[in-house]
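Only one chain is included here, represented as structure tokens and corresponding to the form predicted on its own.
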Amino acid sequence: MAGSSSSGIGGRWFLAWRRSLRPPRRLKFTREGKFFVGITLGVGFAAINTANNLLYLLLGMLLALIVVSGIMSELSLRDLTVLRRLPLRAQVGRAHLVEIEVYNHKGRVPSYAIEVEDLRAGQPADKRCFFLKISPKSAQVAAYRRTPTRRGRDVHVGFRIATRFPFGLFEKSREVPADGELVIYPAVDPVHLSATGQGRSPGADNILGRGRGEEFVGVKLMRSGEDPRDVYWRKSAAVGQMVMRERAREMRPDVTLTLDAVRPPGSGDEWVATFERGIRDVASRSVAHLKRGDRVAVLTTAGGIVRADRAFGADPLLRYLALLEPVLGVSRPKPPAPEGAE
């Protein structure tokens, strides 16, 4: 325990040290900026070689534009706060929106041509939002659309704020940390279930019994301690005794789905592709059963289990499947599946 805590502290210190070594701003030449700097250098060499005052004057004007560009771009980047709003859920193959809000804390100076890039761990930055003008003491909101291609955790680590204001010669940027996490659910395909379903016991749709369901199957004499809300008053007045309605048993079938989550030693990418297809298939069938009103249990050969029903929805089950990773080793013996297991 002490070794792990010390290594964690050392890792955080190393990251903080690396972050402190980074320059507060990064400057990149645009295509126009490269031409501009080349012309400036050419004018400078010509002025030194010829000692022409007009060339010196032109060189001073070109250098002044570079200085003005640096000052104005710095004013645009300062005192900006960026917030990210992630959706409640996301799914493979379905587009979702991520909102980016930028607030300008400056009292009098607006920010122009601000580009915010959302940074994600281990993935290339490909989503940006552009803000033409952010007035002082105000906020602007934009959104980008993204379609995930794989399930699991989508970890956001920060933002890259950049601007090419005012002349488009240079791109000045800075990075700000901002943690965020979005769990990407596996894709769900439409599944057509049979009329009775494999999770229903034979003849279960026609079996009636005493219970607390919504339907009534008959009447009976009231006994001491029973709920008076089920009293059948019309029948009671006719027979002169308290008569109660007898409710039917609520028949909700259970469905058990099994998923192989143990990866054999030496297996390659083909097994991983089969595992991902299995997760997609289990997720699709689970959602179809839940829509029909069945209770669903997903068992894995690694010993994991998750249950869901219509009352709680499919979110707990899909989240479990989204974060499920294969286990390397020998599979455990499967638990006895209840009746109606698939």
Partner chain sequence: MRFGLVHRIMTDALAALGVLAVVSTASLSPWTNIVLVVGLAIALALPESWQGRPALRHFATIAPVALLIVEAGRLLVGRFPLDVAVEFAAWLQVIRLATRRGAAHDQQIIVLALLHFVAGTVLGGSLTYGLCFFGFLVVAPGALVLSHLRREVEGNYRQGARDRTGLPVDVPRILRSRRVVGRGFLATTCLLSVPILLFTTALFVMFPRIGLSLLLLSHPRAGRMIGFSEHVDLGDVGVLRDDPTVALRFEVKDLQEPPPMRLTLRLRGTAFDAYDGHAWARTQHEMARERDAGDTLSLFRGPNPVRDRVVSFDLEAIDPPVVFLPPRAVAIRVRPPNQILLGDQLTLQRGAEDEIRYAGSDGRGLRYDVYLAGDREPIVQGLPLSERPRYLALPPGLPERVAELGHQWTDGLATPEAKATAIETHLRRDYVYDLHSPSSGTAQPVDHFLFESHHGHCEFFSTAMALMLRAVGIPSRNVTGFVGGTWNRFGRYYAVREGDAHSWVEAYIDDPTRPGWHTFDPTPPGGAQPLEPPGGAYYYARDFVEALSQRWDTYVVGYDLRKQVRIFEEFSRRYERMRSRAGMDRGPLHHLTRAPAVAALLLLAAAIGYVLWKQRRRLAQVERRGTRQANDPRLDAAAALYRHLETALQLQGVTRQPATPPLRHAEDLRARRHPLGEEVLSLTQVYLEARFGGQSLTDAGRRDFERRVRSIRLRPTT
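Residue numbers count along the first chain shown, from 1. Owing to the predicted nature of the structure, the values given are computational and were not obtained by experimental measurement.
There is another form of this protein, the form predicted together with its partner chain, and it is not shown here; the text below is about that form.
Exercise for the section: Tell me, out of V43, I279, A297, V287, which residue has a non-hydrogen atom within 4.5 angstroms of its partner chain in the predicted bound form. Expected result: Exactly one listed residue reaches within 4.5 Å, namely V43.
Handout entry: Contact residue in the predicted bound form, chosen from V191, M72, V155, M242 - any heavy atom within 4.5 Å of its partner chain
Key = After the contact test, the surviving option is M72.
Exercise for the section: May I ask whether I48, L65 and F167 each come within 4.5 Å of its partner chain in the predicted bound form, counting any non-hydrogen atom? Expected result: Judged in the predicted bound form, I48, L65 and F167 all sit within 4.5 Å of its partner chain.
Problem - Candidate stretches 143-151, 263-271, 230-238, 182-190 - the one whose heavy atoms come within 4.5 Å of its partner chain in the predicted bound form - result: Contact criterion met by 143-151 only.
Practice task
Indicate whether its partner chain has at least one heavy atom within 4.5 Å of a heavy atom of Y56 in the predicted bound form.
Solution key: Contact with its partner chain, yes.
Handout entry: Residue contact check: K133 to its partner chain in the predicted bound form, 4.5 Å heavy atom
Key = Flag for K133 set to yes.
Problem - Exercise: G60 in contact with its partner chain in the predicted bound form, heavy atom 4.5 Å - result: Yes, G60 is a contact residue.
Exercise for the section: May I ask you to check whether V37 falls inside a 4.5 Å heavy atom distance of its partner chain in the predicted bound form? Expected result: Taking the distances in the predicted bound form, the answer for V37 is no, it never comes within 4.5 Å of its partner chain.
Problem - Heavy atom contacts to its partner chain in the predicted bound form at 4.5 Å, residues of 72-91 in sequence order - result: M72, R78, D79, T81, L83, R85 sit within 4.5 Å of the partner.
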